[in-house]
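Given as structure tokens, the chain that follows is alone and in the form predicted alone.
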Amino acid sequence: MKRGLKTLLLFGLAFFVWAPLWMMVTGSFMGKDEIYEFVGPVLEQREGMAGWSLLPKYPTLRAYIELLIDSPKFFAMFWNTCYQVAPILIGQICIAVPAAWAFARYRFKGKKALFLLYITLMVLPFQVTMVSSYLVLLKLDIIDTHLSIILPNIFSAFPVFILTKFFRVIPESLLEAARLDGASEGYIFLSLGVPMGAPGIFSVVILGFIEYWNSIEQPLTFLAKRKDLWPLSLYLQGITTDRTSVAFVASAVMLAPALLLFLGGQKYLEQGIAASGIKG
């Protein structure tokens, strides 16, 4: 009896989690009239009850054709997102991996204070550093360019924090054995540290991709005068209520890369979350 109640409760919770996703997918195959039939009272703010159908009554690909073939702005924003996210992730790996290795494996003066500064920077929300970051980027004359999004995020403290946790679990005896065999510090880092820290690097890439693929506040702040450089995450706000089916398709297309990356690297993502101590 108790087991049955638990199963029923879990199915109920799963329904609330999956319902928005199911609405997005089924709504992407509905026509404009069918969507208005279900959510018209909400969109037009009139009296009546909104509802939803388990499956589309008249499935159509019209919204997909309208978005993927007749919306050049969508592809421009898609490539803007790729142009911003890829350099950020590559730059983070180039900066964070050696920095984390130094924090994890070497002793130097001021190490604890410097790492505490990293953690402090990591926990500061964007709103706190927004004005100072804007002034620095304005002084560098890169406001309203892709660099205003790429450059600050390359030096994010979060990847350093996660990778330091991963590198610390590498046995010191293994590194000492390599040194006794005549291996240089650079060889140890590249041949032992990076391969053994690969799960942490993958988790940093996955977490970073999800964060920057869905970034909204930074593009709105640093690209305010250049809407032609806006990423895909800001596409939905320009869609009017008469194109709700297109909004569902845009949401599904935007979700696809992050979902595929999550499913492919779920194991590494769990390790990264466990290492950082993040709790849901």
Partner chain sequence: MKYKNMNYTKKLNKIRKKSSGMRRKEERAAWLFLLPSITGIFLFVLLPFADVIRRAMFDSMGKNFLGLDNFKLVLKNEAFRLAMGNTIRFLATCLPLLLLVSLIMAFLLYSQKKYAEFFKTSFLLPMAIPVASVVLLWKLLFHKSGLLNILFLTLGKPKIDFMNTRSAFVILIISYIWKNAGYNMILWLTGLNGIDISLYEAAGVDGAGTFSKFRYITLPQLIPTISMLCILSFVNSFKVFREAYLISGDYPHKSIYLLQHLFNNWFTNLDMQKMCAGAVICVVFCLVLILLFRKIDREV
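Basically, rigid core = biggest C-alpha set you can superpose within 1.5 Å across the two forms. Bear in mind that the values here come from a model prediction, so they are computed numbers and not experimental data. Numbering follows the first chain given and starts at 1.
Beyond the structure shown, there is the form predicted together with its partner chain, which is absent from this document and is the topic of what follows.
Proximity of 119, 216 and 248 to its partner chain in the model of the complex is complete: all three residues have a non-hydrogen atom within 4.5 angstroms. Just one of 177, 196, 136, 90 comes within 4.5 Å of its partner chain in the model of the complex, counting any heavy atom, and that one is 136. Looking at residue 95, you'd find a heavy atom of it within 4.5 angstroms of its partner chain in the model of the complex. Heavy atoms of residue 166 never reach within 4.5 Å of its partner chain in the model of the complex, leaving it off the interface. Its partner chain in the model of the complex is approached by residue 155, whose closest heavy atom lies within 4.5 angstroms of it. Proximity of residue 211 to its partner chain in the model of the complex: non-hydrogen atoms within 4.5 Å are present. Along 103 to 128, these residues reach a heavy atom to within 4.5 Å of its partner chain in the model of the complex: 103, 105, 106, 107, 108, 109, 114, 116, 117, 118, 119, 120, 121, 122, 123, 124, 125, 127, 128. Here residue 263 does not count as shifted, since its C-alpha moves by less than 2 Å between this form and the one not shown after the core is aligned.
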